[in-house]
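Just one chain is shown here, as structure tokens, and it is the form predicted alone.
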Amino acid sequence: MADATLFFPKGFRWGTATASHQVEGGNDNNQWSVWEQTSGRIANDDRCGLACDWWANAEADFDRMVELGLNAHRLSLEWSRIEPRDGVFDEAALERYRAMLLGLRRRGIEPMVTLHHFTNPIWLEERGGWIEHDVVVPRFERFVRKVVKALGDLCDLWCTVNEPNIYAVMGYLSGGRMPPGRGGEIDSTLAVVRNLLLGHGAAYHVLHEAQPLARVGLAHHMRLFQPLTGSPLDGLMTRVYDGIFNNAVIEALTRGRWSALLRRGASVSARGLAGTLDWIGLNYYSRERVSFDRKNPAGLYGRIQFTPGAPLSDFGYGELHAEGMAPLLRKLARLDLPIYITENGLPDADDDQRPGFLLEHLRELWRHAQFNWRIEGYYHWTLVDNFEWGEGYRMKFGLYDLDPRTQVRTLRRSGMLYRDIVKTGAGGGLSSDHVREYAPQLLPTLFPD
């Protein structure tokens, strides 16, 4: 078998992704800090606590990024630190974020800053969070205006909102998974999605007003839905789920139009959202099979599961299916916008699956970049094991293992692999030698004779 290398273009962004509450530690003024206090809500009754201690010492992990050869990192700002009370801003918190952004830039790492990643200040949650448009959207716009004035000289690559579909479904439809822990509230779920998108639109205009050359986008969680069987009803439900979960967000942000379901109860038009993307982010983790289920009206008469017998990551978090990125990338490529993989990863405490996961997903990414699709960066979730929301510390997504009690980090083999890929050639590259060393069982698939 001849040696071969699949090179990525020079300037390709190789990064990792994090969220403030999951890594900073000491966040005690948002709705998640309240949620964690009730026993049974978080696996093993974990509390976020110190997390990865970034509020005090993020720079040590920035140095680890340098050791891996990374040139990009996606991080989020904690709204509850910056605006601890309605209309009251904490300049010291903004200075700490300035120090973080400066720390990244001085190390040659370009920051992508996410403005909302699942957490709300307690004062906002008490007013209904993202349900009431007239409460939340003007306040989010005010927050963004403050942030860009304070930090805009250090960042021009902005992610307004992370996963509006996940935030709404997990908090208002599925029940008990994320705060506020409500279930079966379809109208509330739809209102939250709409308001997050309208918040994105407001932020887009604020950012461009302050920075005409700003690059503003959104991180969209997409899943590959496929019918469980050849039944026409399974096929119908698959199209329904794909339309609601994947397509509705894209349709609103590109055409300025609410999809059929999102129009339900809408009091504010989506027209102003048209053209409010300079780039689009894909968060991809898994595929799911869809079947018709007349006994599940709460699920719109559909049910989802993983492919029977398919390999799953730890705790059954997701099905390992790198090929699932292709049809999702194809959807996004039609928008003719730069595409970033803003999240991609898996929980894998013993690191036996992650090397193959990385190799297979990056092989798919390289393959579709050859179609001249505008794929400009990959942000792996995540750098260091962190507080994984309702899963606490039991799910290990990091390239570095973390002991949350001692804060000791240990580079995993998958981290070594990522480093080797990033440092291959001028723009990074995936080689047969990488596969041979880290996941030899994949050599016939990834580099066939």
Ligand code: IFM
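Keep in mind that this is a model prediction, so the values were computed, not measured. Throughout, we count residues from 1 along the sequence that is shown.
The same protein also exists as the form predicted together with the ligand; that form is not shown, yet it is the one meant from here on.
Given that the partner is absent here, does residue 54 sit within 4.5 Å of the ligand in the model of the complex, heavy atoms only?
Although the ligand is absent here, residue 54 would stay clear of it in the model of the complex, with no heavy atoms inside 4.5 Å.
Spell out, yes or no, whether the shortest heavy atom distance between residue 32 and the ligand in the model of the complex is within 4.5 Å.
Contact with the ligand, no.
The ligand contact in the model of the complex: residue 400, any heavy atom under 4.5 Å:
Close contact is absent here: in the model of the complex, residue 400 is far from the ligand, nothing within 4.5 Å, heavy atoms only.
Since only the chain is shown here, I'm wondering whether residue 117 would be in contact with the ligand in the model of the complex (any heavy atom pair within 4.5 Å).
Looking in the model of the complex, residue contacts with the ligand include residue 117, since a heavy atom lies within 4.5 Å.
Could you work out which of 317, 241, 373, 306 is the residue within 4.5 angstroms of the ligand in the model of the complex, going by heavy atoms?
It is 317 that has a heavy atom within 4.5 Å of the partner.
By the heavy atom within 4.5 Å rule, which residue out of 245, 292, 89, 285 makes contact with the ligand in the model of the complex?
Going through each option in turn, the one that passes is 285.
Considering the ligand in the model of the complex, find the one stretch among 148 to 156, 117 to 125, 230 to 238, 252 to 260 with heavy atoms no farther than 4.5 Å from it.
Checking each option against the 4.5 Å cut-off leaves 117 to 125.
Using the arrangement in the model of the complex, list in sequence order the residues of 144 to 175 with any heavy atom within 4.5 angstroms of the ligand.
Heavy-atom contacts within 4.5 Å come from 162, 163.
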